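Here's a solo chain for you in structure tokens, the form predicted alone.
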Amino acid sequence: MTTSPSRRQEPPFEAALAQHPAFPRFIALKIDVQRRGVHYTPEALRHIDGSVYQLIGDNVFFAALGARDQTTRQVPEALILRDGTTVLTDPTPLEQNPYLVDYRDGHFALVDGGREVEEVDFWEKPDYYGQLTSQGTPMDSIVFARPQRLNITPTAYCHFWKDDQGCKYCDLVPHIQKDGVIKKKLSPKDAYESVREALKQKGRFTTICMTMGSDVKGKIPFDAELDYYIDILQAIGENFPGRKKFPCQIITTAFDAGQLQRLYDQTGVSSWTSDLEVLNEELFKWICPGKEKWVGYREWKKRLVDAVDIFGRGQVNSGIVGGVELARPHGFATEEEALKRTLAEAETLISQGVAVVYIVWVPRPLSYFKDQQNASLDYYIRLAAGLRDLTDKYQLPIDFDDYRRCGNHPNTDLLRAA
């Protein structure tokens, strides 16, 4: 098999799934919906109640990364399938052949080729949405929710873009520049108050996740980024008096061992993620030039492994953008080669206690890769199964970034089905 054919030439979902009879149907559907996107019909939009459902709002980090259709707003942030599978996806123009989200016979449905594929629903809006902090900041612009997780983006800007060295799959900064709005930096007080209010909804949230763009400033690179994370985490930690650690994942640039020790010692954070994005040194140099310039592929991997000694086995992971390794013109020529090389490199991390999770690559309209196409459903199914098998082989838990808390990684969804 070579790289993926056009969407119109691809086999239908059920035919592709038939080649993987042991793979759970709902997780395969999640992958396919993410890779193709969704388009909301007028009938669906008429029945989406914004007082009940959680809609894409003012969190610029989330909005920028969920925007194949640059004009559609006020649609649900995610779908829920009948088995509880979460599907983070984004509105997509009809000419790209997405799934339709329609309203039929009293329920919302995924539709493909005129045929109803599956019944769906949406996340319910948490209680704190619509409330303001004491400084007048909308809490849902500070913290956006997943079914069991609070996501915080202290600031959206990534400093790699100052030298035109942003990651080629990403359109975060171009999106901000297009809209002419750069989100102001989050104050520790606003972070504390928003989390405090969210936690009043008993039983809704089990963890916190925080991430933002890279900041190279400081006595050594990324000290400024680290200091800001520490300030916010210390403020959030006031909501957990008497506890040295609280359930919290932080996704940062690859801090060195000294910086990581400071992060661990001075905050309540309990797990750490730093995303390599693509598991190949030469492709990393091409796709992530800022990360290569300031850290480098081999050093990034070393820092991930070093972090296991600080945070513990099962508390460190790295994310990849699944399928971007096939990007033209320098990506792998075939899906077979891409899968083999990616899984081999993933094993070098997993065997040393660093989990690997993937998200489905979506070529964003403002990114360098805007005119490209992501991989086939077959490829993503095999990638998910391959990473799950490696996780099982080395008995490595990924509880802090699993299907309950994140819901955006097909390979951790499979851990639920194991």
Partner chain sequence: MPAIEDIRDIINDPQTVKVVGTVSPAGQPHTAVKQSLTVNDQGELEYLELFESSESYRNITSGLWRDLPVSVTVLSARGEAYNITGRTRRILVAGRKYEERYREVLEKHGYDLAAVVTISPQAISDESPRRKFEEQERDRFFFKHLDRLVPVA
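Numbering follows the first chain given and starts at 1. Keep in mind the model is a prediction, meaning the values are calculated, not measured.
Heads up, the form predicted together with the partner chain isn't pictured, but that's what we're talking about next.
K.L.:
Please identify the residue among H159, R303, K125, K168 with any heavy atom within 4.5 Å of the partner chain in the predicted complex.
P.N.:
Flagged contact: K125.
K.L.:
Counting non-hydrogen atoms within 4.5 angstroms of the partner chain in the predicted complex, say which of D163, D227, E119, E336 makes the cut.
P.N.:
Checking each option against the partner chain in the predicted complex, the one that comes within 4.5 Å is E119.
K.L.:
Heavy atoms, 4.5 Å, the partner chain in the predicted complex: which of 187-195, 144-152, 264-272, 289-297 makes the cut? Say which one.
P.N.:
Looking at the partner contacts, the answer comes out as 144-152.
K.L.:
Using a 4.5 Å heavy atom cut-off, state whether Y368 contacts the partner chain in the predicted complex.
P.N.:
Heavy-atom contact with the partner chain at 4.5 Å: absent for Y368.
K.L.:
Is L377 close enough to the partner chain in the predicted complex to count, meaning some heavy atom within 4.5 Å?
P.N.:
Close contact is absent here: in the predicted complex, L377 is far from the partner chain, nothing within 4.5 Å, heavy atoms only.
K.L.:
Looking at the partner-bound form in the predicted complex, is Q201 within 4.5 Å of the partner chain by any heavy atom?
P.N.:
Yes, Q201 sits close enough to the partner chain in the predicted complex that at least one of its heavy atoms falls within 4.5 Å.
K.L.:
Do F400 and the partner chain share at least one heavy atom pair within 4.5 Å in the predicted complex?
P.N.:
Contact check for F400: no, nothing within 4.5 Å of the partner chain in the predicted complex.
K.L.:
Taking only heavy atoms into account, state which residues of 26-52 are within 4.5 Å of the partner chain in the predicted complex, ordered by sequence.
P.N.:
The stretch 26-52, when checked against the partner chain in the predicted complex, contributes F26, I27 at the 4.5 Å heavy-atom cut-off.
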